[in-house]
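Only one chain comes next, encoded as structure tokens, the form predicted alone.
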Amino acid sequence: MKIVITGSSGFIGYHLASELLNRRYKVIGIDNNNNYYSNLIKKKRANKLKKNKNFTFHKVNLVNEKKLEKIFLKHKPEIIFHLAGQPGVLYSLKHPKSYLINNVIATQSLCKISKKHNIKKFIFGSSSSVYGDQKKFPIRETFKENPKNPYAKTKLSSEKIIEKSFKKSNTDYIIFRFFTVYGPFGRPDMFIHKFLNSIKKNKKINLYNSGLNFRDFTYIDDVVKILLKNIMISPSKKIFNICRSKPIKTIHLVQLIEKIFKKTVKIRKIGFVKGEMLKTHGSNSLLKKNFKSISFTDIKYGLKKTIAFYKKYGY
């Protein structure tokens, strides 16, 4: 079976590709390797994947339909994991156009080519940010979306494009809304890795909203296991949260990291930042009902694995 992963040099894409290759699938990675965060980390991920003979990499921007067409004609994939996209909530407030191109237009382009080539399954990595701030918790998939920033708005737009493209087609599509994914080889722009880098460089780190935000952290291995299950399972529901459903206050997360790392860091508590959500707390009951035998990694264990990897490799 041939599987395309867009965003294969990214955090989730890399871990998914690694596990698929371990299971002897043929993986076609597509990534434009942009400079939103350190290209060095993306190249390290890509180079690790390239060591496997079943991995083929294409450095392509998804908006380029002609190049996408050539990739599909050459490899004839059956499944698409669309994990590419421009991430970052705060960055999106300053650079909204980048999100329109890399999230919305890129998704339109990929859906168009996928539909033309009768792809069997199309799996999309969306975000919990589409919910925005909610008054009731845990957040269920049926809650009304309330995106607060360009990143969240373009993720929701991408969901709508996918629904419209495949609703009356033979392609089985599914949308996963990820809640703050973390783990080894993670994104340096995410809070946990920012914090680890601050410890390493002995620098202060900003705690938005004085560290009183709640985040529903989800370990990368759990996300990958669910994505893999979806290859064989075709639930009737089309939108699922992927979350541990046990949010932690940022200030408590900081204390946990310091304890595991055995080092303290200087903290600068600052006020509320526009576009940031106060709390993410998703419900995973629908996911567990449809995908069976799913368990989620304890935050302490996940952090230990993440920190051990960071100490060994420095990223």
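All residue numbers refer to positions in the sequence shown, first residue = 1. Predicted model only: the values in this text are computed from it and were never measured.
What follows is about the form predicted in complex with a small molecule, which we do not show.
Peer 1: How about Gly132: is it within 4.5 Å of the small molecule in the predicted complex, going by heavy atoms?
Peer 2: Taking the distances in the predicted complex, the answer for Gly132 is no, it never comes within 4.5 Å of the small molecule.
Peer 1: Answer with yes or no whether Gly85 is in contact with the small molecule in the predicted complex, where contact means some heavy atom within 4.5 Å.
Peer 2: Yes.
Peer 1: Does any heavy atom of Gly125 come within 4.5 Å of a heavy atom of the small molecule in the predicted complex?
Peer 2: Yes, Gly125 is a contact residue.
Peer 1: Would Phe195 sit within 4.5 Å of the small molecule in the predicted complex, counting heavy atoms only?
Peer 2: No - in the predicted complex, heavy atoms of Phe195 and the small molecule never come within 4.5 Å of each other.
Peer 1: Even though the small molecule is not shown here, does it sit in the predicted complex so that Cys243, Pro247 and Ser285 each have a heavy atom within 4.5 Å?
Peer 2: Zero of three within 4.5 Å in the predicted complex.
Peer 1: Given that the partner is absent here, state which listed stretch (224-232, 133-141, 76-84, 204-212) has heavy atoms within 4.5 Å of the small molecule in the predicted complex.
Peer 2: That would be stretch 76-84.
Peer 1: Considering non-hydrogen atoms and a 4.5 Å limit, which listed residue (Leu93, Ile239, Leu100, Met190) is close to the small molecule in the predicted complex?
Peer 2: The residue in contact is Met190.
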